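Single chain ahead, by itself, as structure tokens, in the form predicted on its own.
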């Protein structure tokens, strides 16, 4: 059973000062396979939170539990109700529209309640695209883009939704180290400027150890380590 702290958007401002998510002894089983085993952890507001582990360790399942897409077989998940938590997700398959341009894909995150007008949205989009080095690629069809460009478009689209929480599953798998660092710098900026809570899953523990934040390391569905990257 999944439990949430219900409330209005106004109440979110108070609730988020306590925690964003709290997992209490959570397990997830798929038939005879245990994807997560007795996970207890807290994600605090404004935290940069890395989930590391090899393929099959349970990273994606943990992210899906946090996003509310998967219900625990055992244990409880506490968090602010999804209607007021404002989560953006970047999936491994990215969920981009292949026959539309990069810019058209990004426009799907436009919400007139978040922006003064479309000009403000486009101005912010162009500024962020420039930082990510893809401003000259916005007119390209996604089907013609390489994996790195697709990941940047998916991340840009997620950030343009102005979420409180960003959940990203292997967002740098197709990026080189320089591009990965640049992407983290963007997320770090949003974390500082807008108190964005970032939950980032990666198999590359050596890369994320170079970034400030908290690491949760999984092995075979079990929580092996939770703490600051510099101590791992």
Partner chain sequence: MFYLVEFLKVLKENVIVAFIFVMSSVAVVSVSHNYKGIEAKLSNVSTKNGQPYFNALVSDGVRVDSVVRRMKSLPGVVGVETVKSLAIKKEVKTLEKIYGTDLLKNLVSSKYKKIKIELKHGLKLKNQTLIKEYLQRLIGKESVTVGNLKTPQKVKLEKGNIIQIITSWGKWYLVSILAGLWLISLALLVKPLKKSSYIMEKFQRSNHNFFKMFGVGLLSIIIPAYIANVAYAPKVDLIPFAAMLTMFGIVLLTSALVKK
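Quick caveat: nothing in here was measured; it's all calculated off a predicted structure. Residue numbers count along the first chain shown, from 1.
This next part talks about the form predicted in complex with its partner chain, which is not shown.
Although the partner is absent from this view, residue 67 contacts its partner chain in the predicted complex, with a non-hydrogen atom inside 4.5 angstroms. Heavy atoms of residue 92 never reach within 4.5 Å of its partner chain in the predicted complex, leaving it off the interface.
When its partner chain is considered in the predicted complex, residue 114 lines it closely, a heavy atom lying within 4.5 Å. The closest non-hydrogen atom of residue 162 lies within 4.5 Å of its partner chain in the predicted complex.
With the partner omitted here, the stretch from 125-133, 71-79, 143-151, 101-109 that lies within 4.5 Å of its partner chain by heavy atoms in the predicted complex is 101-109. In the predicted complex, 157, 158 are the residues of 123-158 with at least one heavy atom within 4.5 Å of its partner chain, listed from first to last.
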